[in-house]
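Form predicted on its own, single chain, as structure tokens, below.
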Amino acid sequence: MTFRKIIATLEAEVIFNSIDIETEIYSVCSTDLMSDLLRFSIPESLLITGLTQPQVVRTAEIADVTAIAFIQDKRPEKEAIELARQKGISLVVTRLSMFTACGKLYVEGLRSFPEDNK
């Protein structure tokens, strides 16, 4: 799914964009547990989270995440935005809950990492 379609599907506001809007995002991970994100670690993926601290961006960089979507109109902290600029990780904010955001992306065809890849 293109980043453009993700933004539209989530009715998201772009806070910072470091990638071409037509970049393909191949997988999604929705979590507030950064240890789960590290286990996920699939390049060209999207993280959906309610956490807004700089540590989220640091962990996303380690996990090769391309973009982060913050749910329920939660805004990333200034330090997180600056770190995302430095690391080249795009940030968007959606008013949707995590459940609804995931459901909408699922309906549009975006999937998580393979469940048998444990």
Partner chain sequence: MNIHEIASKLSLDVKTTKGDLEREVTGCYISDLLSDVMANGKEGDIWITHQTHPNIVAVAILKNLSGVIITNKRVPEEDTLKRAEAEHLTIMTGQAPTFEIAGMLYHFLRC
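Here the structure is a predicted model, which is why all the values come from computation and not from measurement. Positions refer to the first chain, counted from 1.
Beyond the structure shown, there is the form predicted in complex with the partner chain, which is absent from this document and is the topic of what follows.
Could you tell me if residue 100 has a non-hydrogen atom within 4.5 Å of the partner chain in the model of the complex?
Yes.
Within 4.5 Å, heavy atoms only: does residue 40 come near the partner chain in the model of the complex?
Taking the distances in the model of the complex, the answer for residue 40 is yes, it comes within 4.5 Å of the partner chain.
Using 4.5 Å between non-hydrogen atoms, is residue 4 touching the partner chain in the model of the complex?
It does not: once the partner chain is placed as it appears in the model of the complex, residue 4 has no heavy atom within 4.5 Å of it.
Determine whether any heavy atom of residue 73 comes within 4.5 Å of a heavy atom of the partner chain in the model of the complex, and answer yes or no.
Result no; residue 73 lies far from the partner chain in the model of the complex.
Tell me whether 15, 24 and 81, taken together, all sit within 4.5 Å of the partner chain in the model of the complex, counting heavy atoms only.
Verified in the model of the complex; spot residues all out of contact, no.
Going through 33-70, which residues have a heavy atom within 4.5 Å of the partner chain in the model of the complex? Please give them in sequence order.
Counting only heavy atoms within 4.5 Å of the partner chain in the model of the complex, the contacting residues of 33-70 are 33, 36, 40, 48, 51.
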